[in-house]
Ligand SMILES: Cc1cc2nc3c(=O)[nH]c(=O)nc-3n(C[C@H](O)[C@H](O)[C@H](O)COP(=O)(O)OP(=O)(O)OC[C@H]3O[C@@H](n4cnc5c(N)ncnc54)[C@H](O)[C@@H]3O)c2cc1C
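Quick heads-up: it's one chain on its own, the form predicted on its own, in structure tokens.
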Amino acid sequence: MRLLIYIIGSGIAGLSAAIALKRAGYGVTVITKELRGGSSYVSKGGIAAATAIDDSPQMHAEDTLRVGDELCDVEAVRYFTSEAPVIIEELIKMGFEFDNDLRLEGGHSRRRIHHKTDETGRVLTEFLLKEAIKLGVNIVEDELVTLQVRDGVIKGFVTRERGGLISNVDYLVLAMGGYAYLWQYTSNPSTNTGDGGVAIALRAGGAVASDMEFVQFHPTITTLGDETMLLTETLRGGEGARIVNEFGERFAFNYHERGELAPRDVLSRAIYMELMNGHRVYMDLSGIEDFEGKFPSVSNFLRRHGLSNKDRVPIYPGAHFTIGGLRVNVRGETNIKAFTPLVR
């Protein structure tokens, strides 16, 4: 008898889980608020994984622990940095084609960012969505979910549009986006309002006190006209972009020895302090070679607003992707008791 698994969320995590479970022979349904909403679709830079000959998962872990200011879960860091190359290899086997060059981001000591131009998240999400549909994964869009819990055990869930208790579920995977759209200045799409994973689990008795204060702020967001754009960190990662004030001064070195390649939290505070002190802050893109070829989405964004990489682009920090949330173990399991498998 085939087990039925529901996955709430259609980003890279949810679609990856759906594909793996479908291939394993399970019946899989993905339920999502918006198929192309969430953090994955607007992610720009790429995926960090130590695959270069001068790199290693241990070095990746050391970089992560260093910029984490001793607040990281060491076991989790070492697990994920060791698994990252495996995931890259698996995606390539599936047919996803990363660009040939590895890029550098702040906080990393090596080039280890695997990317697809400057829209890795969107391209990878579309790739996984196509694969999931091809495998026969059932996808339900425009829905919100409320879990039904009795005596500490999930008995099913109710959807907003269809109503009625869905109880023929063996396992449930929560793979929703975060809540950083709640901030005024943010890189997030309007779908990221926290009514997904965090709120659903909280109502069901889940432990959500796991570093809820950890909302990362991306240092380089811009708004031109009524359009907001995340200027990917890889622009600064050895590609030639510089952060300057109105006098052309690279002030970031006053705050950290690595300047524009400081960890995101440090650089965000540096830019914020400059703005609070009455300065204007810009990204200077003029030093990037083959700008349109390397960063087509940024180039098209500037062109829509009558600018090019020869112009300085005003920037500010904004709430990016949430890191805190549900308390889980390394296997991703919450404290909520699983469904009691139904006899059918």
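Keep in mind the model is a prediction, meaning the values are calculated, not measured. So that there is no doubt, residue numbering starts at 1 and follows the sequence shown.
Keep in mind that the form predicted together with the ligand is not shown, yet the notes after this line are about it.
Please state whether every one of the three residues 258, 269 and 285 places a non-hydrogen atom within 4.5 angstroms of the ligand in the model of the complex.
-> Checking in the model of the complex: none of 258, 269 and 285 is within 4.5 Å of the ligand.
Counting only non-hydrogen atoms and a 4.5 angstroms cut-off, does residue 317 reach the ligand in the model of the complex?
-> Judged by the heavy-atom cut-off of 4.5 Å, residue 317 is well away from the ligand in the model of the complex.
Is residue 88 close enough to the ligand in the model of the complex to count, meaning some heavy atom within 4.5 Å?
-> The answer is no: residue 88 has no heavy atom within 4.5 Å of the ligand.
Within a 4.5 Å heavy atom cut-off, is residue 235 in contact with the ligand in the model of the complex?
-> Because no heavy atom of residue 235 falls inside 4.5 Å of the ligand in the model of the complex, the answer is no.
Just to confirm, residue 144 within 4.5 Å of the ligand in the model of the complex by heavy atoms?
-> Result yes; residue 144 sits at the interface with the ligand in the model of the complex.
Heavy atoms within 4.5 Å of the ligand in the model of the complex: which of the stretches 39 to 47, 298 to 306, 55 to 63, 277 to 285 has them?
-> Of the options, only 39 to 47 has residues within 4.5 Å of the partner.
Though the ligand is not shown, can you say which of 262, 230, 124, 243 has a heavy atom within 4.5 Å of it in the model of the complex?
-> Looking at 262, 230, 124, 243 one by one, just 230 meets the 4.5 Å heavy-atom criterion.
Contact residue in the model of the complex, chosen from 175, 102, 172, 137 - any heavy atom within 4.5 Å of the ligand = If I apply the 4.5 Å criterion carefully, the residue I get is 175.
Heavy atom contacts to the ligand in the model of the complex at 4.5 Å, residues of 183 to 197 in sequence order | 187, 188, 189, 191, 192, 195, 196 sit within 4.5 Å of the partner.
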